[in-house]
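Single chain ahead, written as structure tokens, the form predicted on its own.
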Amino acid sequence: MVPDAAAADEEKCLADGMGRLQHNAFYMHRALDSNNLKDALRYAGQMLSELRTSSLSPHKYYELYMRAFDELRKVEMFFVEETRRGSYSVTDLYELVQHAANILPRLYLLCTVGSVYIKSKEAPTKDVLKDLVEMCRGIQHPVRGLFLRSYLSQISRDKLPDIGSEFEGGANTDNDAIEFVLQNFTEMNKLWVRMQYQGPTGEKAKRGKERSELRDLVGKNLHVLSQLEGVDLDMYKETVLPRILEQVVNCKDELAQHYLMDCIIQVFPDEYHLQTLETLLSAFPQLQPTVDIKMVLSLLMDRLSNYAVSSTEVLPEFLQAEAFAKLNSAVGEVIEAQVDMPISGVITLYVSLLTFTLRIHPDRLDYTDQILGACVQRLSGKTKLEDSKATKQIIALLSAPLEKYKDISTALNLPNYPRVMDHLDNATNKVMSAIIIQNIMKNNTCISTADKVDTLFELIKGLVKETDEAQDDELDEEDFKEEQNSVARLIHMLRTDDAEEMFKIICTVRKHILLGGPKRLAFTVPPLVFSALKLLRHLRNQDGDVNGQEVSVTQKKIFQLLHQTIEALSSVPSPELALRLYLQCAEAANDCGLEPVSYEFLTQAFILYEEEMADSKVQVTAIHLIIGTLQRMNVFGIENRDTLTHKATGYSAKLLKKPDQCRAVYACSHLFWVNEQDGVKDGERVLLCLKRALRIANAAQQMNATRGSSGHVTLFIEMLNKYLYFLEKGNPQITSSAIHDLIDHIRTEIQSDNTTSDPSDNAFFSSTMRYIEFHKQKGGSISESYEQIKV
């Protein structure tokens, strides 16, 4: 309730003051209208006496001041008009207003008449301004003095004796304008700082808030200075900046120093900052330890960075000014001076310095590494960073070279880059690793040497190597998959045309991913296997281009590596994935003409099928993959081929469900009839497979009839299509009578009362019959085979 009561009292005080001000303003205007100057000045003094109050906060005082300011503008217009008519002498008015009873109203009126005095040009502008700025020292109350001097600054802003101004009074008058603004700024800053030390200690935070509300009154002076034509580079370097910095350093106030340094950087041109960099930076270590220098210094470096990229013509200026050396030294001095600066602040400074360096000196990798090394030195002796602000800044620091060079290879050439990453905790290391991989993908960067690959995988070890299991368990499954998929995509980006170097890359990647634990292998082994298979194809295509040169990388070496790599999946376990990879390798060995190697990979696939696959659905998929792979192979001799095909047909017939058995067995028929030149064409064994499949289909049909459910007519239609396929391929064992018998059987099953007609079966059968009719009418060699079929 106490704050509410105080606020209500303040509102009442403001309302009362505003009422009295308006009352006196009314009588002042009436006196002005009747040309009664004496009464007008008396009422004006009473009106301005309301600004002597100490009961209002700066925010409320500002409302009262603005109302008085509006009234004073009207008084000024009256004085201008009357002096132009000759009713009054401006000199007499200047003397007359100084007879006001109270000093505050007197000085406001004096400033108002002083503005008219300058406009009249009856006295040198510099003399009037000097008189006014000296007279305002009579008000030492911080709030009243700040607003009075703000009023003086506002009414004189367009009347300063600047170069090109109508009030320019001859040689060196621009110095007078600068001196006036600097003097007013100095006095205002002293009043502003004094506010902090007036009043009870318990209200220090309140006073700090009030001072923040008034800071723009002081800062406007610096803005006025930056707009003066007389403030050229030489004037700024020799006079303006040293005077401002002297005031900033000597005031020893945290709020004032931070705000004014920020103002200097914001209002003056970037070119001036570059040419006076040493002077400006020398002030930073002299500031109070509690000042947030990192924000101000970062702002300066960001401004200079943007200035550098605005035009290529300014880059020589940066080199001439030795900007990097000065900023680097300043950052070090600031960090040394502020021993309590949090590590996040330290890293923020290095991020800004690195951004500046990458824009100004993109070709100087030694500068970039020097900054990273300085950061490592500051982080040394500390545990893994867990502060969120610090880790975000580290990520920004490490991302900057990637964004600039768009090539991870450049970052890999920086010795201190991985040393910075070593200070990240596991979670942040993963985030940074993902950023690195995204950068590689985005820029399509190709890493082509084993050494760089090794360095890269050391960098992204947060994603590749096994870490704390508890953290892995907490990680969302979808996030984990996305992380590992990104690593898999990365492996595909590691390539070179040099076979030996590529083999070294594959070995290097294998070394790292095998440390990733079972969960990761299922994601990282497949891309590595396919990279090795791609190398095999490359070697096979180069066989004719070697010209007798000795090649240390052989196909057998690569197959040995593949075998060892896929074996690692046994720890996952992931038998389905391992089987698919074994089959891929078997097919690759077939293309290379290596029968024993291909046989070994297929043997491993069958072992996995026997020992690891118990689920019936998995078995069905696996046996069809094996059959499909075997069908494409042509490297085997008769004995090995018979062994493998016998295994495939045997496992097909042992599947759990009869329909699955049927489909797998008739798929095996393709193992005995390969259409390629010199391919196997054993019509009898094809027929045996088809007949065996028919028996299985009949058995399935009988089992369904026993249960009273619909029969598997689809199986017979599929069998009919297989018969037609081999008929077209010229298998002499496939007869039209066998096909006709099968068609009759299908029709009987479809029309049977015990069978519920399935529309899809009817459509499938009808389509097959149309196919037969089409070929009967088409003519040609195939048509002759179909003519004997009775539809």
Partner chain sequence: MVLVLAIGDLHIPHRAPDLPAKFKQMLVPGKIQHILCVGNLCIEDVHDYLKSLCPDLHFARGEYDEDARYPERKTHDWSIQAWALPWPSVPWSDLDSLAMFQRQLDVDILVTGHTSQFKAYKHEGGVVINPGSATGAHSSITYDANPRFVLLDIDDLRVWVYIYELIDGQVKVDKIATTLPAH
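Here the rigid core means the biggest group of C-alpha atoms that line up within 1.5 Å when the two forms are laid on top of each other. Just so it is clear, the structure is predicted and the values come from calculations on it, not from any experiment. Residue numbers count along the first chain shown, from 1.
Although it is not shown, the form predicted in complex with its partner chain is what the next lines describe.
The listed set Tyr350, Trp192, Phe457, Tyr666 contains one residue whose heavy atoms approach its partner chain in the model of the complex to within 4.5 Å, identified as Tyr666. Note on the partner interface in the model of the complex: the residue among Ser616, Ser310, Gln320, Asn541 having a heavy atom within 4.5 angstroms of its partner chain is Asn541. Proximity of Glu587 to its partner chain in the model of the complex falls within the 4.5 Å heavy atom cutoff. With a 4.5 Å cutoff on heavy atoms, Met66 does not count as touching its partner chain in the model of the complex; it lies far away. In the model of the complex, Asn675 approaches its partner chain with a heavy atom inside 4.5 Å. In the model of the complex, its partner chain sits within 4.5 Å of a heavy atom of Glu718. Although its partner chain is omitted here, in the model of the complex none of Lys252, Phe284 and Gln338 has a heavy atom within 4.5 Å of it. With its partner chain left out of view, the stretch that reaches within 4.5 Å of it through heavy atoms in the model of the complex is, among 369-377, 691-699, 525-533, 509-517, 525-533. Along 421-452, a non-hydrogen atom within 4.5 Å of its partner chain in the model of the complex is carried only by Met441.
After superposition on the rigid core, displacement of the C-alpha of Tyr725 between this form and the one not shown amounts to 2 Å or more. Annotation for Met769: C-alpha shift of 2 angstroms or more between this form and the one not shown, rigid core superposed.
Once the rigid core is overlaid between this form and the one not shown, Pro124 does not reach a Cα shift of 2 Å, moving by less than that.
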